[in-house]
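Single chain ahead, by itself, as structure tokens, in the form predicted alone.
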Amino acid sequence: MIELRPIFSTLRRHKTTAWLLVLEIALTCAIVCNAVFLIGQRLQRMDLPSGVAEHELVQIQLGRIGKSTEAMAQSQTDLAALRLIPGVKQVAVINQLPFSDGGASNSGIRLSPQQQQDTLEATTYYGEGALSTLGVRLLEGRDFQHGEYADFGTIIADLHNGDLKNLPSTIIVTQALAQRLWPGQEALGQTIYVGKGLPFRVIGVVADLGRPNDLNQGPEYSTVWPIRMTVADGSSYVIRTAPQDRATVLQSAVAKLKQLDPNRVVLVKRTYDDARHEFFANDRAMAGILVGVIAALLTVTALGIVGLASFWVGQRRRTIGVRRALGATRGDILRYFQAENFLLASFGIAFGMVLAYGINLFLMVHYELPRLPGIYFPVGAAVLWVIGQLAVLGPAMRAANVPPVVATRSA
């Protein structure tokens, strides 16, 4: 049984060094808890479902030198040619892809035409055959029929002229969006309003379809509209093929498109896996940096404990020798230094938890991060206790091995 009174008496004589170690442990505890939490947030973000057949898709985006007056006809010709390439299962012209770091197309959604402010903002996907090409899973309702599609250019012209009679009137939403708008209700048949009160009736609900970016707005709040696109509108050719055929199909598709119109330049050619990897590159880098910070802090803290314990062992050789001469065993000396370190670590961890909570509140206010879960506090405490005990073990064993006769001769 370790008596705490001699430990506190010793620490009072070394207040400055003891408090420095306590503050070091507190700062390490606070930063490590929040850093581990941030790493978890990054990993969770990187694991978000896209809702598409990720390993089967390739993307090609083109730009044209000069003007084209037959963009829709060119797109239809391209689509027909791409479908003939061996290995191509489906192909569509789509305005954007989930987690692709492109310019997102979004629309504010209202639940009534009289509503003054949008309920939320959702991503809008356009493209004939987008759902089947992307491999999005339809949970309820149906996909769009051919006659429901309208050309993007025609819609823009009609909106400019104030002609609304030919605008699409149906829409497909994600399950997450449906649950957000109509909790506990059936989404099919519901009507949403966008823009200046334009009504759209929900005819289908899909499982998942992630945003291209701006994931803080609700990563799965997406809608699909029956709008036919062309590459001249900034959209891309998205091809679905077998995973093992992606490289070959991508090369053949680019060659075919260049052959059909040499005045076009390829802006983007990649698999969807590459697109997603590029999108989350900053998240991986941030997670790596935080892992490095944690490792550095724990190493510095461990070295600080080793250095301070070694210093105290050197300062207390006479005291150790006296205790050994009075019958203290090596195990008693070892347990003494371990108990002393445990107390200092406990004080530091207690202060560190308060500091960690304060740092998390700051991050919540200024960076919209969620509250730090309580599970991180005991986990962080356990890690620092273990590191502290391992770090002090070497100096404590050296103290326990000091011969009584040598210690007393130094008096």
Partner chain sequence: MFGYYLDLAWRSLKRTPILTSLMVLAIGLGIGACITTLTVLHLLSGDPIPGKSAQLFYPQVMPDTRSKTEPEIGFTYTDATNLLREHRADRQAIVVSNNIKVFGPQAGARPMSLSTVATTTDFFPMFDVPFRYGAGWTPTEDGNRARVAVISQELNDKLFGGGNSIGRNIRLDKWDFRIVGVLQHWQPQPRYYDLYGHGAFASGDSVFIPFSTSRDLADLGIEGNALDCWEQLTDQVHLENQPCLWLQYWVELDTPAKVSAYRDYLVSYSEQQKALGRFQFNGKPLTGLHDLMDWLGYLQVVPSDVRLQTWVAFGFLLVCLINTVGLLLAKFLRRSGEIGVRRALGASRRAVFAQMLTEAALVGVAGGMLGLLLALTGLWAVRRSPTDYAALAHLDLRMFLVTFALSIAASLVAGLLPAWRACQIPPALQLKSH
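These figures come from a predicted structure and were not determined experimentally. Positions refer to the first chain, counted from 1.
Note that the form predicted in complex with its partner chain isn't included here; everything after this is about it.
Single option in I203, L297, L82, I320 placed near its partner chain in the predicted complex, where near means a heavy atom within 4.5 Å: Filtering the options by heavy-atom distance leaves L297.
Proximity to its partner chain in the predicted complex, single hit among M72, A187, L290, V88 (heavy atom within 4.5 Å): Of the candidates M72, A187, L290, V88, L290 is the one lying within 4.5 Å of its partner chain in the predicted complex.
Triple contact flag L20, T28 and D233 to its partner chain in the predicted complex, non-hydrogen atom at 4.5 angstroms: Checking in the predicted complex: L20, T28 and D233 are all within 4.5 Å of its partner chain.
Answer range among 355-363, 48-56, 342-350, 371-379 for contact with its partner chain, defined in the predicted complex as heavy atoms within 4.5 Å: Correct option: 355-363.
Touches its partner chain in the predicted complex: V265 (any heavy atom, 4.5 Å): The answer is yes: V265 has a heavy atom within 4.5 Å of its partner chain.
Contact test in the predicted complex: Q244 vs its partner chain, heavy atoms, 4.5 Å: Judged by the heavy-atom cut-off of 4.5 Å, Q244 is well away from its partner chain in the predicted complex.
Its partner chain contact in the predicted complex: T301, any heavy atom under 4.5 Å: Heavy-atom contact with its partner chain at 4.5 Å: present for T301.
Exercise: F152 in contact with its partner chain in the predicted complex, heavy atom 4.5 Å: Yes, F152 is a contact residue.
Heavy atom within 4.5 Å of its partner chain in the predicted complex - qualifying residues of 308-322: Read in sequence order, the residues that approach its partner chain (within 4.5 Å, in the predicted complex) are L308, F311.
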